[in-house]
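As a starting point, one isolated chain is supplied in structure tokens, in the form predicted alone.
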């Protein structure tokens, strides 16, 4: 667990987001006064149903959107747009199909004009995600899980302090998803990055997170915060323990209601 005394690095204050809906000529309130904090090195998941505003929160923290109301502070500075300390990983790996794996990982630093030994660092990151031997492959020659590992290596290559991850494993099969979760947890443990992770998968949220912020449907707001006390590094046996099932019941109690949650686990 991350110590409670750790410094706050992401501070979301009274966040409200309203979008125009041209189909009906009115406005939609996607988020309603959302507030939370994320501490240095913490792994926090936003859990909730589709359309509750999880991805909107992530895009606001990334600086891709400007909030309708409220504000977001990162490292004690207001967010006014994207910045290098915040890196984003989407559900689709979005690799450049015309570049080999190694060149995809090198793209960010090269675009910034860096001249240090970035190739050695890129190869080391590929080794850590188990893909060094595929450095000369093109994206179409990789599986979905391998593409996501390349995307994670590319993200880390830019050395962001905060990883914003928008359902990055949502399109993967169950076994591959478990494997990539392990890669991510290893990276989180080793590099001590701060992670804000969007998911609608309860098991994934409980297994990976230090805290889960459970959201309700639109207008999105945080209904409950669940602290996961399981020590790190996590072991898969945790998934079969009474503690895991209890955390899952807590989340389901918010998402489905108490009676349904008791029957679902």
Partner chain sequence: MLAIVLPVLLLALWTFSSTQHIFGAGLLPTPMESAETYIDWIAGKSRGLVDPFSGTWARNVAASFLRVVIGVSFAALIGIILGILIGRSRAVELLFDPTIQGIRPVPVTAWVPFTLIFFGISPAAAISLIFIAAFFPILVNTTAGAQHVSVAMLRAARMLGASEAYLLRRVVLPSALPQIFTGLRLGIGMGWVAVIVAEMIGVKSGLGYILWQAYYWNRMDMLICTVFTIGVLGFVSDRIVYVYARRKFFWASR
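Note that the structure is predicted; figures quoted are calculated from it, not measured. Positions refer to the first chain, counted from 1.
What follows is about the form predicted together with the partner chain, which we do not show.
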| query | residue 183 near the partner chain in the predicted bound form, any heavy atom under 4.5 Å? | reply | no
| query | Wondering, does residue 108 line up within 4.5 Å of the partner chain in the predicted bound form on heavy atoms? | reply | yes
| Residue contact check: residue 168 to the partner chain in the predicted bound form, 4.5 Å heavy atom | no
| task | With heavy atoms only and a cut-off of 4.5 Å, decide whether residue 140 touches the partner chain in the predicted bound form. | result | yes
| message | Between 59, 40, 199, 32, only one gets a heavy atom within 4.5 angstroms of the partner chain in the predicted bound form; which residue is that? | response | 59
| said: Counting any non-hydrogen atom inside 4.5 Å, which residue from 121, 128, 86, 177 sits next to the partner chain in the predicted bound form? | reply: 86
| All of 22, 52 and 72 with a heavy atom within 4.5 Å of the partner chain in the predicted bound form | no
| said: Among the candidate stretches 132-140, 190-198, 168-176, 72-80, which one is within 4.5 Å of the partner chain in the predicted bound form when only heavy atoms are counted? | reply: 132-140
| Within 90-105, which residues come within 4.5 Å of the partner chain in the predicted bound form, counting heavy atoms only? | 90, 92, 94, 95, 96, 97, 98, 99
